[in-house]
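Read the single chain below, which is given as structure tokens and is the form predicted alone.
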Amino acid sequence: MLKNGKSLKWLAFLALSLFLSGCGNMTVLDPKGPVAESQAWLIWFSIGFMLLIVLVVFILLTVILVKYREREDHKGYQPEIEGSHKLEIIWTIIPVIIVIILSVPTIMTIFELEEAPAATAHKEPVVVHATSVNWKWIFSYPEVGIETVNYLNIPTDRPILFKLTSADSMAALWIPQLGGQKYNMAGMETQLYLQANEVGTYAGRNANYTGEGFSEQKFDVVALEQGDFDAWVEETQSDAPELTQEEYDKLMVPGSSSEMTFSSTHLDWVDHSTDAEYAINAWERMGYEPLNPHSRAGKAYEMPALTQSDSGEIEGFESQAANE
């Protein structure tokens, strides 16, 4: 029995260690922009309020256990009591009040985040089309004619208006230290305002599981001072290669990708929010046939790992043919 008790203690200790090991880098609670600050406040408020409820419950439980414990001189014990309207009203009203207290700030925050942050609402937002493709992110800056893959440069202290869509699977854009997340869906567009207050590099990723390469669908957000951002735009416009439709079709093939930069955008020939079948048609043009990942052929297939050459050409799709 003692041996079993020690085993249970070690098992509980191991489970607690594994649980806490995932709390080492809670970037959600380290906001770097007004949107993330609002969401972090809501999380802390909810946690604090729920801990208060737990504290009250345990205090009442202790009082009841002590006051109504079985003893010889007990004078208030009435086991036959039933049908107390007073108690029924109390335990009905209290949960309603709890739900209202949690719901009101949540709803207010949700509506607040649908608009640009109040402090910078007077500034013109930077518009970025964020397109999800299995398993990479494509960011288009239509106002300056720039497109990047798996990284994003933004100016600080200025709202960023993301227009979200997907070329294939439903994904979700999430940059924990700046805010989010919202879904990217093929054939439609959603919008999300974010903002960075500090210069730095912030991790972003897909927050909606989309299969085999899901863990690779990550990107970096580099927040720059406005002057540095303008210099990057100017340099990219003059030095980066233009994106052609033929090269863009290679990005539609499921697989990973390195960071890429182009001086034009795919919005010149396709908007995935209005053309949900473009990626499927691109597969046909590329000669790509999706395989069942559980089949022998699917298990043997190696997903393309795309890279950008010095001339701007996208390389790496050849690896599919080598595995056929």
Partner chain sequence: MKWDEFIITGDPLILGAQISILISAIGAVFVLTYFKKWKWLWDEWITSVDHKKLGIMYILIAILMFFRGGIDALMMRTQLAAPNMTFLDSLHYNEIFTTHGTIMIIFMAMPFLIGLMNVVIPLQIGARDVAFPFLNNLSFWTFVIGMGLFNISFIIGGSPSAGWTSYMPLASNELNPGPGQNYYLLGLQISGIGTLATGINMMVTIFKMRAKGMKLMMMPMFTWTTLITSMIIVLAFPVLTIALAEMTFDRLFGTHFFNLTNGGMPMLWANLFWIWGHPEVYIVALPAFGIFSEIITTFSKKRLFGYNAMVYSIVAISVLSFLVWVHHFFTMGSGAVVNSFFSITTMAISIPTGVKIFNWLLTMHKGRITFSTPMLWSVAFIPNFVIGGVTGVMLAMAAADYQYHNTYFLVSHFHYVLIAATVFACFAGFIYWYPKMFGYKLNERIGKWFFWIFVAGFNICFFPQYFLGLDGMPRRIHIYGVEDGWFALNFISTVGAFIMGLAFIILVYNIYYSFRYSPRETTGDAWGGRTLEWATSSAIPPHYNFAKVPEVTAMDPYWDMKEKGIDPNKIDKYEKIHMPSNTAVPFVMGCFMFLAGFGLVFEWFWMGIVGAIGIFACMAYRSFDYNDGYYVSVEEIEETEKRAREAK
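Heads up, when I say rigid core I mean the largest set of C-alphas that superpose within 1.5 Å between the two forms. What you see is a predicted model, and the numbers here were worked out from it, not measured in a lab. Numbering follows the first chain given and starts at 1.
Omitted from view is the form predicted together with its partner chain, to which the following refers.
**Q** Would its partner chain be touched by all three of 47, 68 and 82 in the predicted bound form, meaning a heavy atom each within 4.5 Å?
**A** The answer is yes; 47, 68 and 82 each reach its partner chain.
**Q** Is residue 236 one of the residues lying within 4.5 Å of its partner chain in the predicted bound form, judged by heavy atom distances?
**A** Output for residue 236 is no: heavy atoms all beyond 4.5 Å of its partner chain.
**Q** In the predicted bound form, is there a heavy atom of its partner chain that lies within 4.5 Å of any heavy atom of residue 39, even though the partner is absent here?
**A** Yes, residue 39 lies within 4.5 Å of its partner chain in the predicted bound form.
**Q** Would you please decide whether residue 154 lies within 4.5 angstroms of its partner chain in the predicted bound form, comparing each non-hydrogen atom pair?
**A** So residue 154 does not count as contacting its partner chain.
**Q** Against its partner chain in the predicted bound form, would residue 120 count as a contact residue? Criterion: heavy atoms within 4.5 Å.
**A** Residue 120 lies outside the contact set for its partner chain.
**Q** Pick from 236-244, 87-95, 121-129, 138-146: which stretch has a heavy atom within 4.5 Å of its partner chain in the predicted bound form?
**A** Of the options given, it is 87-95.
**Q** Let me know the one among 219, 193, 174, 248 whose heavy atoms come within 4.5 Å of its partner chain in the predicted bound form, would you?
**A** By the 4.5 Å heavy-atom cutoff, the listed residue in contact is 174.
**Q** Find the only residue in 161, 231, 102, 224 having a heavy atom within 4.5 Å of its partner chain in the predicted bound form.
**A** The option sitting close enough to the partner is 102.
**Q** Across 174-197, which residues bring a heavy atom to within 4.5 Å of its partner chain in the predicted bound form?
**A** Counting only heavy atoms within 4.5 Å of its partner chain in the predicted bound form, the contacting residues of 174-197 are 174, 176, 179, 180, 181, 182, 183, 185, 186, 188, 190.
**Q** So that I can tell if residue 41 moves, could you say whether its C-alpha shifts by at least 2 Å between the shown form and the other one after the core superposition?
**A** Not so; residue 41 is displaced by less than 2 Å.
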